[in-house]
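Just the one chain here, the form predicted on its own, laid out as structure tokens.
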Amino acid sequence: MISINLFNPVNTGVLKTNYSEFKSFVENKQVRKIEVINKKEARVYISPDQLDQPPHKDKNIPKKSVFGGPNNGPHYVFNIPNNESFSSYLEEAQKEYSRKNQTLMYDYVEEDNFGKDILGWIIFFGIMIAVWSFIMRRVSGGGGGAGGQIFNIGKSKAQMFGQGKSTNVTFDNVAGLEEAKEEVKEIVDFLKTPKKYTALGAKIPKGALLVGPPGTGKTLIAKAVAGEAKVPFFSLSGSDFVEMFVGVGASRVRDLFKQAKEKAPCIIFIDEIDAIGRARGKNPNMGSNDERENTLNQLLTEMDGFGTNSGVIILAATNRADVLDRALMRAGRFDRQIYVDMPDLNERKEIFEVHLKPLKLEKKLDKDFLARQTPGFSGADIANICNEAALIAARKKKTSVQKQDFLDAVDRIIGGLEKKNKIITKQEKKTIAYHESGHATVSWMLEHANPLVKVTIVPRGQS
């Protein structure tokens, strides 16, 4: 046990020995003093001038004590086999030492180990409690404070912005999406100057749902709201409510709205709300308790239930609005649905200008051309193109990112990696060229088809 080893004399430089070896020390006149502890144990003190003699020299006995002074002993310790015979042996040894004009001292000492035992157990239990606390914190998600212990697992995991903490993203960092920005700006403006609206009898919407394909900037708009709003902003994901324990999701919803009411006016943003907002009853679990539905029921109650949430506005984002529960979509909960669509030509140009700022570009780079080359691309796709173009330019050891690098990046993202080592016969090339020419001709001639941007027969990815 750890606590017992803390008080073991071996840790202080005292070596274990046995009765036979002790008798050889005595016969060689190397022992200076002997202490008999509780008639069970003997501590042996070796004469200083004998420490450099065998067998002590080979046993590496420390020359200094643990406190830095000379090591005056005890140097050895052993268990006494029989107290009476040992006492007789000590008397005979002392007489033998006297005949040689040497001194051998021995003494009987009574020690109480009760205090050491108590201290050892205290240290042992202290270590066990520390290990248990560490394990509990790791199990419950680390860190101290709310949610830092397993007993607080029902606390909300929302990250709060405000009170000097910001996302460093404003509406100036959000290119395009003018209609969506106008809607959320009105919400922020209401929280800043509510009298302008309430003077006319207006009520601010209780919630706004950002809907759109992946990568169009729904979460980015929420970050901009957090950066612009001068009110507390709670941000979390829909999956943060989901837990393996029954009732935790609903408990976290209650705790989230409790914190929000205390800091009202404020904004709550729930990203990927479809994780808990799916329509109820479509996948029954054979009568079992559905934790996700309980979480959704609690969210519906908090958003527009019997109680009031004055000053608390809900923002949510999803790209699966078709699977959301109808009760969640009704007026009074999410009054507004803000559709965030793919950017058009002008919006793509604005997005390019944002993501091209950190790049070292050639002097005459046509941003209008880049916008025309990327129809149907989302904001995330454009950010990926800019990064991929910079990587391609660095791979080719260029000093700046050029137009061709962006074209190669577009091809890389649309079609995949170019297959340079694929062997194609002339007949296969001719067949592929006819086939792709047919696609290009039809696209060119049809009035309402997507504009023709590029024709190639170079194989890429799985094509």
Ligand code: ADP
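Everything numeric here is computed off the predicted structure, so don't read it as measured data. Numbers for residues come from their place in the sequence shown, where the first is 1.
Beyond the structure shown, there is the form predicted in complex with the ligand, which is absent from this document and is the topic of what follows.
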Though the ligand is not shown, can you say which of P375, P213, G126, P194 has a heavy atom within 4.5 Å of it in the predicted complex?
P213
Exactly one of I204, A275, L220, L324 has a non-hydrogen atom within 4.5 Å of the ligand in the predicted complex; which residue is it?
L220
Based on heavy atom distances of 4.5 Å or less, which listed stretch (170-178, 92-100, 251-259, 362-370) is in contact with the ligand in the predicted complex?
170-178
Is it true that I351, A380 and A383 each have at least one non-hydrogen atom within 4.5 Å of the ligand in the predicted complex?
yes
Closest heavy atom of K263 to the ligand in the predicted complex, within 4.5 Å or not?
no
Taking the ligand as it sits in the predicted complex, is R292 near enough to touch it, meaning that at least one heavy atom pair lies within 4.5 angstroms?
no
In the predicted complex, does R333 have a heavy atom within 4.5 Å of the ligand?
no
Contact with the ligand in the predicted complex for H355, defined as at least one heavy atom pair within 4.5 Å: yes or no?
yes
Any residue of 391-409 with a heavy atom within 4.5 Å of the ligand in the predicted complex counts; write them all down in order.
none
